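To begin, one chain is listed below as structure tokens, in the form predicted alone.
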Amino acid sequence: MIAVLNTSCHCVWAEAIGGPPWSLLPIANRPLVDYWLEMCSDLKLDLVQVMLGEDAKQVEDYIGDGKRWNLRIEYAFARTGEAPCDYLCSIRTRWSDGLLYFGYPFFIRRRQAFRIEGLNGLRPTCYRIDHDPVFIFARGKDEADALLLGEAGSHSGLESVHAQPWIIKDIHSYYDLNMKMVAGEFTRYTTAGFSSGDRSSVGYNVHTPPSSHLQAPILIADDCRFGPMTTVGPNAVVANHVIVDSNSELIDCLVLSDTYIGRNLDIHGKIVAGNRVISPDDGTVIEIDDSWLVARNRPQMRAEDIVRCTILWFVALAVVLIQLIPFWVIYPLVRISRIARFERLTFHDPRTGYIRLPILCKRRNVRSPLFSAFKALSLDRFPLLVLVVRGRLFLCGQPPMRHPEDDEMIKQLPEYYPGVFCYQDYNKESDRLVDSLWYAHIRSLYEDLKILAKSLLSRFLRGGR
């Protein structure tokens, strides 16, 4: 039997949450795809094919080679506009011994009588939404063919093994599923951390001062921090890397990973994801611009990122020292001529939410050799380079995103690294969004040094144009 996990399907309701793709959204603090892979492991399948879409890198980084589940993983990209049934039919020869298919957010709830060994007796089963299959289980080729062609098949196969199909159609059903899990169902799955008899589970490296109050049932993942006088629970699901400041209260809520919740806030019956507060009843999304209230925590840097940033900090310091005297000689002349001056404009910042950066703005539309020389020597970037030395910007990275002009674009970036120099400095026809997504995927010390060298050389040869 072969398993096909389709993570490329479009899921509208998950876009309101932002952050990870829908296949990695947590259910009881475990990604949805983790439950799929666990079922593949329980059925002792050898080969699992994962269909990738727009968020391919995040899904592939999480699943890896499948050794954690004792599975062999193959990856493939879904073709644009291709229906799931069409793809499954195109690989018919690969599932001659049976097919297990997951597509769209589909979760299998375990009843109290559920037993792992009961999966071996599962009947041919197919569940659909809008005529597309979201779950298929067939022991042989003939059974799979019949289900794909829409012939009569079991729609109660999972119930026969004491399990319930749960199709997550909207944000409310996603929230409702997590609330059911924290109410006690999570004990029917593998749990991490420290579990107690009062239906509570607390992960590793969770700091709670004596004055904080944890009220069961709760689910708290790893690496969380709670301030003094905080109240968590009942029915609170808190994911990894969450910080809750003092005197805040979390009740009947779902807090997703890498979220900061400020002081004196009451979060009741809501989903909080970074700076987004979502009402599960009607899907209303409120984005909080004040990072002192709710915000997304800065993700932990990889070891190679730390080495890269350390080396580039010294490179930025060297460039600042080289530019110091020319800047203080030429810039006063630029100001006196009233051709240009620095103005502070508001940009998005990955750490504080927003930051005001000094940008050189031309005041008069006239040709000036002085102004051209100023830009050709990249002296217009000198104040930004100083911010790199102060740790507020990256030397090379994605173009800084304006607020509010680029608010929609920033939502599409899984990772944001605003840099002084970027691809646009030497490729004027580049697409900012595509380049930003590409940089987040390929960033490295070599890539940054290449951007820096090409940018400085291109700006010099173009004479500041």
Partner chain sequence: MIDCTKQDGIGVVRVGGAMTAATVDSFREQLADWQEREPEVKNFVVDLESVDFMDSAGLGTLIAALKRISERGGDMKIACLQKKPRMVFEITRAHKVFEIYNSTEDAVRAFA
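Take the two forms, find the largest set of C-alpha atoms that superpose within 1.5 Å, and that set is the rigid core. Please read all numbers here as calculations on a predicted model, not as lab measurements. Residue numbers count along the first chain shown, from 1.
Beyond the structure shown, there is the form predicted together with its partner chain, which is absent from this document and is the topic of what follows.
Given a 4.5 Å cut-off on heavy atoms, tell me which of 101-109, 265-273, 175-183, 252-260 is the interface stretch with its partner chain in the predicted bound form. Of the options given, it is 265-273.
Would you kindly say which of 305, 97, 132, 287 lies with a heavy atom within 4.5 Å of its partner chain in the predicted bound form? Contact with its partner chain in the predicted bound form is made by 287 alone.
Candidate from 187, 279, 368, 346 lying within 4.5 Å of its partner chain in the predicted bound form - any heavy atom: Only one option qualifies, and that one is 279.
Given that its partner chain is not shown alongside this chain, does residue 293 nevertheless sit within 4.5 Å of it in the predicted bound form, heavy atom to heavy atom? So residue 293 counts as contacting its partner chain.
Taking any heavy atom pair closer than or equal to 4.5 Å as contact, tell me whether residue 120 reaches its partner chain in the predicted bound form. Contact with its partner chain, no.
I'd like to know whether residue 248 contacts its partner chain in the predicted bound form, with contact meaning heavy atoms within 4.5 angstroms. Although its partner chain is absent here, residue 248 would touch it in the predicted bound form, with heavy atoms inside 4.5 Å.
Relative to the superposed rigid core, does residue 62 relocate between the shown form and the other one - that is, does its Cα move 2 Å or more? No, shifts by less than 2 Å.
Taking the rigid core as reference, does residue 442 move its C-alpha 2 Å or further between the shown form and the other one? Moves: yes, 2 Å or greater.
Direction of Cα pair change residue 49-residue 438 in the predicted bound form, magnitude 3 angstroms or more: It is farther: the C-alpha separation of residue 49 and residue 438 rises by at least 3 Å in the predicted bound form.
Between residue 274 and residue 438, do the C-alpha atoms lie closer or farther in the predicted bound form than in the shown form, with a difference of 3 angstroms or more? Those two alpha carbons end up closer in the predicted bound form.
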